[in-house]
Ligand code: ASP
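For reference, the chain that follows is the form predicted on its own, supplied as structure tokens.
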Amino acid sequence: MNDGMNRRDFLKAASLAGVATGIGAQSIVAEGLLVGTKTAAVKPVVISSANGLAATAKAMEMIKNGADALDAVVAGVNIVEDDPNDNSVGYGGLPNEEGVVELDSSVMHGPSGRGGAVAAIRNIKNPSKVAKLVMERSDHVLIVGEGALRFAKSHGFKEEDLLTDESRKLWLEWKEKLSTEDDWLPPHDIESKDIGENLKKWLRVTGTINCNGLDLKGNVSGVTTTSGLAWKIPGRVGDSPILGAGLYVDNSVGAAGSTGRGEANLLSCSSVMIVEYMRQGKGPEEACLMACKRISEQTKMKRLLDDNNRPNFNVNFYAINVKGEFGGASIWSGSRYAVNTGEAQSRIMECAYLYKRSR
């Protein structure tokens, strides 16, 4: 026995470890205290992309009434999915190049360590609900395309046309002006530059909502949902439904999610990296900035770089930790996020950034 530990200390530690084992996998011993039960007073927080003012308010209302964080954030983003005036998510989302709306979503539930996702699902307005159902009612994590639609219909979801008059109008305008503005590229290499012009219009034609919450029990969960890149090749899947890229949750650390150019984030798996940076002791904002820097350094293709060899696209990250701290960051200045820390109204915050826009 270690000279620095007497018999009483040893028996106390052994007893505590035994209690931790007995109460289940969600409980752990750290720094001499039983912390997995999450019984200490917790300051709840909900964070989302800037289009989530109503979502964060709804989620916080539910959390303050005792709801699980995942139930709360999914109910929050359902507001945006149902909103025909937000053409980046759900009903009214901008379609693929054939005029069909395809949706992606993922969820992660911190206390159970589970996740679920759907990708390229058509005719279902609330893909976040289906993603949660994949987690709860299947042995899978990700279901795509026709399989995802059949799974949703089997559980009572109704098919409906997701194109609104406005989203159809925007699609027709794009079709009428179609030239180099699609996602089909000619043969190219790392030096090719003047191709893929549609990517330079990214901010105008894409959007997503990520929403992460810390509830009164100290548990963390998150959701990301999107209609993806407008005018995409049918079947294209971005980062939003990919756990580790568009969303990641660890109940002992925190949660992170993203919006923006999904292809860049898929190559970086940034959300899991943000959580790992926070595990190392970084604050949420600093961890998000580190992910932005990682993407910037990984981007080599000249067609994706400006004249100063900086990414000509944007990616945004949002994160919370189990202490109730939050932050957001983006590659370029001008991005914002919504947050609610228990007050009546949510507020908009400015993201930290790597590069400042000239205008």
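Everything numeric here is computed off the predicted structure, so don't read it as measured data. Residue numbers here begin at 1 and follow the sequence given.
The same protein also has a form predicted in complex with the ligand, omitted here; what follows describes it.
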Quiz item: Does the ligand get within 4.5 angstroms of any non-hydrogen atom of Arg261 in the predicted bound form?
Solution: yes
Quiz prompt | Partner contact for Ala75 in the predicted bound form: the ligand, 4.5 angstroms, heavy atom | solution = no
Quiz item: According to a 4.5 angstroms non-hydrogen atom cut-off, is Gly207 in contact with the ligand in the predicted bound form?
Solution: yes
Practice problem: Using the partner position in the predicted bound form, report whether Leu229 sits within 4.5 Å of the ligand, counting heavy atoms only. | Solution: yes
Exercise. Counting only non-hydrogen atoms, choose the one of 77 to 85, 236 to 244, 144 to 152, 109 to 117 that falls within 4.5 Å of the ligand in the predicted bound form.
Key: 236 to 244
